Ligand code: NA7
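This document opens with one chain alone, in structure tokens, the form predicted alone.
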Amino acid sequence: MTRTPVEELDALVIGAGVTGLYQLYCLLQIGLDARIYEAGDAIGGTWYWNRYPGARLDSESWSYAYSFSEELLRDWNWTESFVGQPELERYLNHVADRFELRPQIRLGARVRSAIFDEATNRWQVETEDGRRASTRFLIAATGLLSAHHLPDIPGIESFQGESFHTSRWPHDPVNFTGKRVGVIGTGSTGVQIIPEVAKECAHLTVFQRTPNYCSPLGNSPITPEQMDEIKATYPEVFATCRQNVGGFIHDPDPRSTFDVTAEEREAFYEDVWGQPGFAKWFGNFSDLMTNREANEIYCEFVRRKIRERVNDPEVADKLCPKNHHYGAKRIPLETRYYETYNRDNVLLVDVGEDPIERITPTGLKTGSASYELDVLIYATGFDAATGEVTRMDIRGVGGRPIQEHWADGATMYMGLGTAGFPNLFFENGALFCNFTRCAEASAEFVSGCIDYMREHGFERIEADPEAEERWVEHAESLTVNRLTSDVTNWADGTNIPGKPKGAIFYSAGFNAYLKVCEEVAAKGYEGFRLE
């Protein structure tokens, strides 16, 4: 490792994904000397690392686009309603080149440590490849789903075949022809990769941990004429997203489930089920996510849809969730996922009934059977939101590690800052929504805050401990009796064994969060201590 000269910066952004690129753009616009340190060998973040077969958006492509540049919106043409990983990676590279961001991005620069120097109010940063930086502001745009998670299964290292985590997929295509493949996990990633692998391999065994209410994606090509119509309505698209609880283009029906007759309700369900994307979730009756009785009626409708598509009644029953409500976990959107289980070369193993005991050199063993495999794919998810942060050595006031500060669960004010870690902002951990909409909101808030500090002569900012505590209590109060509290969930960290539950997501919704950001900024960044 070669130590390089220290880069003296105004701001350093960790991560060159959707948020990091826009954050860099915003910082450069206000005249800061800013850089990105990116662990990967190319930009793109999620859309660089997740290149597994079938990887694609579940937000409508045009609603996922950056909204800050009319020229960019005019120039870029989406090819599908829900585009795949290659097109998204091309889009982000296009953005980096169009706005001349690339010279300020350092690739292959995984941050190892960041230590706050109280004497100078600066962060001293080092990367694993020996780069060093001293920066006034440190911004962790490390992604919501970036720290991949491997389950603690005995024998993982003993497997002699090929094995992959979906979030670290090889750049070269993987050949499944003639091979026996196992996939562990049936969340959003598993639901996308399973139909693709099944088409090619000799045999596929799916090890299902938790069945999900997978819903049809409804993807389709976008014609040039349709793209012209989309471009003409971009202002309305983004206005709708700003008013929507999830930042999507789907507005809930103002009626409740019980405002209509059973026949009208069934017709409504059929209508939303036939619409693309998250319409069947965010465009549903207004009480879907607050009334358990109402939600269960819709759950049974979805279970019926699953059973209609799977030939074997026993397999269909295993694929039907029974221990959580629709929307309690993020809904995987699928294309011919359930039909995959009608193939002769596909076997479903419910590891809830027959748990995995260990990985063997030649496959996988459950309590009752052994499965010989040539390839093993881990679609086992992420240590969400804070996972990438806690894998770095970040030390704040008094040298206190971030891991110690969050030992009882991650706490943040507005999902952006935490007491004892001055001039450090976190992004992508504030709330669940259409990702680019959240990314733009957080990047604009942070750059606006830094600009305010420069204008008023402030050198240091951190979350006020009491404000942070009140925010966490408020965030937790919003989750009481919500359906998402019924099950383990990556949104609160309970999918990771031993990880303390943290209420960092603001479940009042994107539209409400935007108002909070505006109010806090208007009051001189109330809730933060500025010195």
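Numbering starts at 1 and runs along the sequence shown. These figures come from a predicted structure and were not determined experimentally.
Unshown form predicted together with the ligand; subsequent notes refer to it.
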{"item": "Among 81-89, 95-103, 326-334, 130-138, the region lying within 4.5 Å of the ligand in the predicted complex by heavy atom distance", "value": "326-334"}
{"item": "Pro151, Arg209 and Phe382 all contacting the ligand in the predicted complex, non-hydrogen atom within 4.5 Å", "value": "yes"}
{"item": "Proximity of Val197 to the ligand in the predicted complex, heavy atoms at 4.5 Å", "value": "no"}
{"item": "Contact test in the predicted complex: Gly247 vs the ligand, heavy atoms, 4.5 Å", "value": "no"}
{"item": "The ligand contact at Ile356 in the predicted complex, heavy atom, 4.5 Å", "value": "yes"}
{"item": "Touches the ligand in the predicted complex: Thr186 (any heavy atom, 4.5 Å)", "value": "yes"}
{"item": "In the predicted complex, the one of Gly190, Gly277, Gly417, Gly143 near the ligand [non-hydrogen atom within 4.5 angstroms]", "value": "Gly190"}
{"item": "Partner-contacting position among Val375, Ala316, Val351, Val237 - heavy atom within 4.5 Å of the ligand in the predicted complex", "value": "Val351"}
